[in-house]
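Next comes just one chain, in structure tokens: the form predicted alone.
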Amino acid sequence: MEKKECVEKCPYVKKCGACHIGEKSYADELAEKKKWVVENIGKYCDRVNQVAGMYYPYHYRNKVHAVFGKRREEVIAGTYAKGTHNIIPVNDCLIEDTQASAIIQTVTELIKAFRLWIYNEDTGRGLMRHILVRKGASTKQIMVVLVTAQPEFPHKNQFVEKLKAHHPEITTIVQNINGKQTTMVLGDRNKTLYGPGYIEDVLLGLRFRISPGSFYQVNSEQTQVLYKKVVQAAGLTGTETVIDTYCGIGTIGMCMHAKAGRVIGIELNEQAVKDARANARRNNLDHICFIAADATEYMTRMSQNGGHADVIVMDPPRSGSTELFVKAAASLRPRSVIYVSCNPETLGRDLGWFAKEGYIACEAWPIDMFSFTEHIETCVLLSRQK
């Protein structure tokens, strides 16, 4: 299907730095992203496919965050200008979900109406810090997370009722408490103010539970493209043992379950593991288990005890993996490693470590998960040299 060219322009592009809508055509952007991937991994992989782009590359973000602040006496919500803590008020961002943007504007107005204090980073005083809106693309369920600096939330019942009246599409509202002077958006405590405290979404026919802090890809449409490619690259026959590392809420491992013998998901975040186990039960998956552990330590112990894996899937954070992780993965002698990366630079470094352990990158598939931003997702198939 022919992709639409860039015709819309963002009024904030010069200020917030989050995207570059209007500065180049989408076709040019995809070509540049392909070049960026080749420059970083071409040394280790000579088969890099064309970037899989979006037909309509706007309003794709299913997770939208805004920080609250004050400009003179006016309450504002938006994003930090690139490299600063100066807040740029944003209304109807062209890469964010439109319903989420509208909800953020309503909450900003309600904060004014209820005269709630805005948190001040310099003094550490105030109440309202951030808002996070998450949406299930398939289910249309919407979660609103209100991040406060303290547990006490004046007029919270009336606040919630007003918000629901304005936006009946909201299915759950959560208060997250973050009293630390930190750059992290979410704290450790959640209080459900309305609904179940989570939302669900459907990927490749499987239903997933998403909590406020759970990792879930921000572009649902392209996530399905990515996961289909992961399953295809693995070449499963129904007998293999698959280890899904950095597994989050279990999305990739569960999508591979139908074609594998058994799947082991490993994730350090205990809340994500709790969601993953609930997701497996929700989808009646029997041959999959989730372990709350450090993946490097777990695979090392598994190898020392004579364990083996046929396929290892890894989807690390932007900083990439570690040389110790690569050694631990190689010690299980999988026939294939499927590496999903959101950073070509750290991906290239890690492919070098894998090459030292005897694993060669056979083919790479770049997928544009983050249109009009400086990010690109890449799926790489590595095979053990015989």
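One rule holds for the numbers: they count along the sequence shown, beginning at 1. As the structure is a computational prediction, the values presented were derived from the model and not from experiment.
Another form, the form predicted in complex with a small molecule, is not on view; read the next lines as being about it.
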Assert contact residue (the small molecule, in the predicted complex, non-hydrogen atom within 4.5 Å, options Pro212, Gly78, Gly136, Pro316) equals Pro316
Exactly one of Ala295, Ala276, Val144, Ile243 comes within 4.5 Å of the small molecule in the predicted complex through a heavy atom, and that residue is Ala295
#### Entry: Heavy atom distance at most 4.5 Å to the small molecule in the predicted complex, all of Gln217, Gly248 and Ile252
yes
Original post:
Taking 4.5 angstroms as the cut-off for heavy atoms, does Glu267 touch the small molecule in the predicted complex?
Top reply: yes
Quiz item: For Tyr227, is any heavy atom within 4.5 Å of the small molecule in the predicted complex, or not?
Solution: yes
Only one of 267-275, 83-91, 231-239, 100-108 has residues with a heavy atom within 4.5 Å of the small molecule in the predicted complex, and that stretch is 267-275
